[in-house]
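The chain that follows stands alone, in the form predicted on its own, written as structure tokens.
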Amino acid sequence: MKKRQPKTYTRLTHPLVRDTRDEPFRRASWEEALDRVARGLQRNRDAFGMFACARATNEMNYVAQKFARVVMGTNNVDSCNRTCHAPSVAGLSAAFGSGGGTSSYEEIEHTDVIVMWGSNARFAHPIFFQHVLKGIRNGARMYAVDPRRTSTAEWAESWLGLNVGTDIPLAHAVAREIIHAGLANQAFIERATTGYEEYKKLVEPWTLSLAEKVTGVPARAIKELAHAYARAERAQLCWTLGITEHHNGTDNVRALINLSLLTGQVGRYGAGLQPLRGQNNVQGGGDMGAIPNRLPGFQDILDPDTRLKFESAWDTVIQPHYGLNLTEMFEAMEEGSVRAVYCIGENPAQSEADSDQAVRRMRQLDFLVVQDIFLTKTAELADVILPATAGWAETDGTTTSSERRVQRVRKAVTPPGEAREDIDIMCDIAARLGHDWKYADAEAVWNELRSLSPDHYGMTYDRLEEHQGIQWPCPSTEELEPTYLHSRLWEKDPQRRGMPAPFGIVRHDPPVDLTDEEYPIRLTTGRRLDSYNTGVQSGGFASPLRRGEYVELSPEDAERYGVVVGEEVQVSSRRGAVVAPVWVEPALRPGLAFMTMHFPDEVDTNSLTIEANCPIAGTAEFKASAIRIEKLPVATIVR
């Protein structure tokens, strides 16, 4: 297949401004650029939204959400967590009270059964997958649940190839089999959970035969997974965007959590739930309060005592209601109730579902400021562009991984040109708007965070250095907590056990974008090994891994449409159309196609995907669009 030339992104080294969106950008001084930002935000104080950055440090995210709440007086702050793992946070919080994965990476090396559900970890999380391989070498059995037979599934004892959007029926059938086989952990259920009888009734109709018809997974494979998971002394259930990026993503997460509650596979070393994050600090961004419903340390904004604590520390009044999430802010742009956006290190013009609509909405804004390291597609829409330092190697601070581990990052190189630290930029804008924040360095920001977040109080920079990272919660400066969460559920003393974990009563809800005669192919999206987010940091570079973007079709569908590898086809959905070369993939079943989400410049996949959002988490259904494939004239074949 001939490779298309990917776009090479330009590193930002100087502030850029323009008077109108029709004009080209011109270089400006920092003083002029910051003054323009202050004026643009000032005139839109009542209609402001902040996009924070899941690749930047915890300290940056802390200051960003503080800027939104103190300087602009709003809780409208969010990040790409909304695009990927907001359903994980919502589901885990509803069950256990906190939104982090319950286990450490190390534990998967010492477990007995690993369930990879909706996760091609070998490609999407290759570092984590090394821990998985160690677990397999130590004797763990792995089960892969995914519509595609991925490279991860090649390492599995069994692959359960379900139909897209049928995760809840499959989970319910697994649960029913566990119950009917007498494998439910009744002692744990009675001691640590609520709602079991209602849950038992909920899953009862999902027999193995019915589940096979709905999900496409053979009944014997469902039974095998159920018995392996329930009988294991320790089992880990891992998931990624194949579970969360659906219009019912939170319900999908709750369905998986239910399996752990049914069997007691949580709250013990080696037994737990692991949502795998796609960027270095998605977990940390939420932990720092860069979300619309929680203050730093994942403390609820609706709690009066929590608000009082932060109001006293920040000398401000915090709005006693949830702000708008990323999805809702885009809807508010349409309505005109969000007219100014401060976007730090995010590229929603390329990463949002129905990206053409997202671009149109951002063009309607009165003022858009983008603070980034590259001239992204979103930056091209801005009024002011501020060049920042990279969150790795050019900045001091901390980040938090999927396993809740806070680790130090250190400045190692000098940033190019006039690029400045994110925190310094925000503090200068805050000063222009009447707030004089003086932070000597990143450690000063971190210590302010520690004083307000019990989960982080014991994590001084010195201790982070000493232990090479610490997992939260860490409320003490003397001791470390276990690597796993929710051991309280196993306490015999009800007082120490705390609130029980409720079973989630969730029901099957098929994908919104239905296939039919006009759009007969189900398109699902994900990451490939060479893809990283929207391609800004990894696109435009020579790589033996990178083949460019293409649409994967099954051999049967390729034959049906009369196309071969490298031939360009038009891929159309109810929202848009793109031209892409074909790759024939034997691992795909007939009727299923695959493309890379967000990433490619060559093909705008997100113009195809649907903006059908989870009502709880606001995450779009990237994983289930209906498309058609049209063969193009011979002259367009890529040779």
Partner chain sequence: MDLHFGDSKPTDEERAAIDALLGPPESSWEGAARDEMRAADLRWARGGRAARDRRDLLLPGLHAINDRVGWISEGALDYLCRRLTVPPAEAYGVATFYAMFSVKPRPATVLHVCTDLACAAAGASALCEGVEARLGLGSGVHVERSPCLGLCERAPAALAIKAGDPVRTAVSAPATVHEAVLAASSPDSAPEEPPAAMAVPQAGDPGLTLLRRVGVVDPASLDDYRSHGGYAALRRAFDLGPAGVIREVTDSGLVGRGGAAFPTGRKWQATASQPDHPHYLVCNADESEPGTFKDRVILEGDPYALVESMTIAAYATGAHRGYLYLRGEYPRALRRMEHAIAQARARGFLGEDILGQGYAFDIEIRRGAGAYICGEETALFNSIEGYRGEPRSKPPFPVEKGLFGKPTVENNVETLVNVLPILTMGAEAYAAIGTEKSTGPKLFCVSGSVERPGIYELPFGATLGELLDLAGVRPGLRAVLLGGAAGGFVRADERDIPLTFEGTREAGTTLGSGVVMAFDDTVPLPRLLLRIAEFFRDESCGQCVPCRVGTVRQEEALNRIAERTGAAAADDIALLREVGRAMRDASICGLGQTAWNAVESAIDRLGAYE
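Residue numbers count along the first chain shown, from 1. The structure presented is a predicted model; accordingly, all values stated were derived computationally and were not measured.
We do not show the form predicted in complex with its partner chain, though everything after this point is about it.
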{"query": "Stretch in contact in the model of the complex with its partner chain, which is absent here, among 568-576, 583-591, 41-49, 603-611 (heavy atoms within 4.5 Å)", "finding": "583-591"}
{"query": "4.5 Å heavy atom contact, residue 154 to its partner chain in the model of the complex", "finding": "yes"}
{"query": "Residue 136 within 4.5 Å of its partner chain in the model of the complex, heavy atoms", "finding": "yes"}
{"query": "Contact test in the model of the complex: residue 443 vs its partner chain, heavy atoms, 4.5 Å", "finding": "no"}
{"query": "Any non-hydrogen atom of residue 224 within 4.5 angstroms of its partner chain in the model of the complex", "finding": "yes"}
{"query": "Among the candidates 195, 510, 520, 218, the residue which, in the model of the complex, approaches its partner chain to within 4.5 Å (heavy atoms)", "finding": "218"}
{"query": "In the model of the complex, the one of 327, 554, 293, 351 near its partner chain [non-hydrogen atom within 4.5 angstroms]", "finding": "554"}
{"query": "Sequence-ordered list of residues in 160-192 near its partner chain in the model of the complex, where near means a heavy atom within 4.5 Å", "finding": "160, 161, 162, 163"}
